[in-house]
Every structure is written in structure tokens, then in C-alpha cells.
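Just the one chain here, the form predicted on its own, laid out as C-alpha cells.
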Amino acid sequence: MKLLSVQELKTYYKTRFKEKIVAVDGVSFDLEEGEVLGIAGESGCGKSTLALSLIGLFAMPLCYDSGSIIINGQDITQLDKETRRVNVLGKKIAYIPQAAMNALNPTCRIKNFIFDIMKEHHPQMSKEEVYHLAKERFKDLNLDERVLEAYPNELSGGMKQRTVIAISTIMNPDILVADEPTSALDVSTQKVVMRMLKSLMKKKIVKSMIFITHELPLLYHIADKIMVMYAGQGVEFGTSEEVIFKPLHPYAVELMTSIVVPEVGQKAQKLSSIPGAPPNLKYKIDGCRFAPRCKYVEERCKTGFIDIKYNEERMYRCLLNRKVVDEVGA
């Protein structure tokens, strides 16, 4: 069952000088029930902007331009801000912010965050009912109920992260958008958070998840499918196995070869790097956005619009013919 369908989504930032910077430019993908979609790409490629766009959080300077975000058959871009806030956010789709550990007001107890959320969405529930619900949810996610009485500054970084995840999923959203939920955590705490996110799916607390990260090895362990983004566009989409081990787009190839491999004999080898820098999205870009950095670039790559190619169920945005793509991805 298709829970989310995003078609040709375009969102932009408006600067104080009235400039328009298109940060998400024509992104399309589908998310099925029970799937985890991983989104990868370097800093500034539009991952976090896409996350904010998916939950309909269009507030200056982020603005909606065009395209659709269809959740359970309803296009949320056609709803007004108040309707999205009350009927969509938290219930149909929830969000774990990138700076989750700094998302909690240090002057409020954890239980008060949950009281405020439920008061907005379920005003008929008493505080006792909400507290009981929160206690059960924290228990489901292996969090001690004493955390509900704590202030954020009394919690460690890992505890704050797990608490934010519990709060974000308190209303059992269909879709959870996790924006780099393991960043700034040590390896052991990352493992705990990853297990927690997997348990959300296993216990049917959330039906599907979008997992955004810089750490590509994490995607192999948690994601069913991966979308690689570059300069505001989706440049490759496929299963985790295909994208990680047999990438088709030259940028995806370079991205995957930059991963540290903990294998015998790999220590002395130099890591691959991508020369140059991403384009400035303030200006109109003609041709392939990766062309200035691509070692396989051809003259035809530098002009016109580069449309998406389909290879069975995979998608990639590149003009290279099938033979060249196979050689690049080998």
C-alpha cells in the first residue's frame, strides 16, 4: 500500500533581498507501507529542506512552489497551514529534527511537552490519560517513566535524542521523517537509537520511515530503498543493495567510493574524494548539475534539462548510455 507519493516537488528559500533559492527542485518518489527510505547526499544538497517540505512546514523563509505531497490519498500542499498542523503533523506524518538534542525547552519537564501536544490534537483527553499513554509509550521504547518528570538538562545526549523520538511518535504517525537522528552521537549510542527506530516499525508504532543521514553505512542496515540527492534534485533511486553496490549515477558512484571500509588491507588505501564544489542554487543551472565535477562529462551534459532515466525499477538522472553507466558503476 502506497502511503506517500511525492511528485515534482519544488520548494525554495526567499532571502531578505527577495532572491529565490530553489533548494528542492523537482523531487519525485513513492513510499510504500512497511518501507524505510534512506536519503543520502552531501551537505547543502536539500535533504533537510525536503524533510521540512514533506511535513508541510512552509514558513518564511521556506516557501512552496509546485508539485504534490500525497499522504494516504490526500495532497497536503492543498491544505491551509492550520489544517496541516492539526490534522496532518504528528498524526499522519511526524518529524525528528536534525538538532533534536537542542529541540527541548530546558525550563519544561518532559511530560509537559507531551501534555501540550495532546492538548492541541486531543483536547478531550485528561492529563491522567495523557500521562498513562506517555508512560506506556516510553515503556515500549525502553525508556524509564522517570524521564517524564525530568528536565532536558538532566538527560544525556543519547537520552534527549531517544526522548525526542518518543515524543514525536506519541500519536502513532503513519510516516516518520528522521533527519540525521544519529548525528553527534557516539557509536554505542547510535546503535541504541537505530534499534529504537527499528522497534518503532516492528511494533507498528509507525508504518513507514524516511531516514536522512550522512553516514552511508547506516543506510545499508536500516533502509530498504535509497534516494541520492545532489543540488536539490534526486539523482538516483533504487534498493539499498543496488544503490550501494551498483550505483548508476556518477555522483552516486563517487559518494559510495568515499565510504571507509573496515576490511583487511584497506587501511593503507586512500579514500576517494570528489573535486570541486556543488553549484550555487541562487542561479539558474543549465544542463547536469554534477557536470563540472564529473570525470565522465560530455558536451551534451552541459546544456538543456537532464530528465530521469528508468532502468527497470531504478531511476537515475544522467545522459550516459547503458554501456558507459555499467562501466562507471562497476
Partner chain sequence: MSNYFKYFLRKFVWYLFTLVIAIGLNFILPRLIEGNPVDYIMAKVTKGMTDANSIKSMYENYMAEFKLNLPLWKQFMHYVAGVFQGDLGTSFGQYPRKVTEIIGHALPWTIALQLPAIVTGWVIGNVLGAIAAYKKGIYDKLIFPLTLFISSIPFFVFSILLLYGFSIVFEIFPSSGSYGYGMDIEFSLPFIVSAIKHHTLPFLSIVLVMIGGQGIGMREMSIYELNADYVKYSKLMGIRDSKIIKYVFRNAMLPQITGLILSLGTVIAGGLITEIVFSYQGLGTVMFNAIKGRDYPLISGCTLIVSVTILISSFLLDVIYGLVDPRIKAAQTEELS
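Residue numbers count along the first chain shown, from 1. Just so it is clear, the structure is predicted and the values come from calculations on it, not from any experiment.
Below, we turn to the form predicted in complex with the partner chain, even though it does not appear here.
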- Message: How about I167 - does it come within 4.5 Å of the partner chain in the model of the complex, if we only consider non-hydrogen atoms?
- Response: yes
- Flag I70 as yes or no: does it have a non-hydrogen atom within 4.5 angstroms of any non-hydrogen atom of the partner chain in the model of the complex? no
- With a 4.5 Å heavy atom cut-off, would you call K127 a contact of the partner chain in the model of the complex? no
- Message: Just checking whether A99 would be counted as a contact of the partner chain in the model of the complex - the rule being heavy atoms within 4.5 angstroms.
- Response: yes
- Tell me which of 301 to 309, 277 to 285, 29 to 37, 54 to 62 has residues with heavy atoms within 4.5 angstroms of the partner chain in the model of the complex? 54 to 62
- Check each of I244, I222, M201, L104 and return the one that places a heavy atom within 4.5 angstroms of the partner chain in the model of the complex. L104
- Item | in the model of the complex, the one of Y230, F138, Y95, F211 near the partner chain [non-hydrogen atom within 4.5 angstroms] | Y95
- Run the contact test on K47, Y251 and Y296 with a 4.5 Å heavy atom cut-off to the partner chain in the model of the complex and return yes or no. no
- Could you run down 77 to 94 and flag each residue that has a heavy atom within 4.5 Å of the partner chain in the model of the complex? R85, L89, G90
